[in-house]
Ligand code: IDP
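The chain below stands alone, shown as structure tokens; this is the form predicted on its own.
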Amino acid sequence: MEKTLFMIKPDATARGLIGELIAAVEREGFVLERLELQRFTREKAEAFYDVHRDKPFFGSLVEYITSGPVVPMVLAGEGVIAAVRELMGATDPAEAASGTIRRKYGESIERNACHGSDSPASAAREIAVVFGES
């Protein structure tokens, strides 16, 4: 069974959307294998966003993701990575399809309510970083 990381970001936790976003993924029938409320350290944030280290927005991503609590979770199911990405919608809420999480709850490209892994390799790496597994 495929696994992915789905994470509720600080903007959504600050607006009291944790329950709504968990319900959204549960309605899709994914198996919720792990869930925690966390606050990323700078070190964890830099490791999480390492793929963007050389991009001009890296510092902003790190500052944002460490600004408040996040709720990362491991979801499992057939085709879960693609299904979660479809449920989330485009990174930019203004470009996300109607009914998607980011269209409904996103405020900007950075403050877009949630994160989801984009491939099996990313999922494995992100789950390891977020939950401290080697």
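All residue numbers refer to positions in the sequence shown, first residue = 1. On a predicted model such as this, the values are computed, not experimentally measured, just so you know.
Just so you know, the form predicted together with inosine-5'-diphosphate (IDP) exists too; it's not on screen, but the next bit is about it.
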Worksheet, complete the sentence: For inosine-5'-diphosphate (IDP) in the predicted complex, the stretch among 39 to 47, 23 to 31, 73 to 81, 104 to 112 with residues bearing a heavy atom within 4.5 Å is 104 to 112
Worksheet item: Would Leu61 show up as a contact with inosine-5'-diphosphate (IDP) in the predicted complex if we use heavy atoms at 4.5 Å?
Response: yes
Practice prompt. Answer for Thr91 alone: is it within 4.5 Å of inosine-5'-diphosphate (IDP) in the predicted complex, judged on heavy atom distances?
Written response: yes
Discussion item. At 4.5 Å, heavy atom to heavy atom, what parts of 33 to 57 sit next to inosine-5'-diphosphate (IDP) in the predicted complex? List them in sequence order, or say none.
Written reply: Tyr49, His52, Phe57
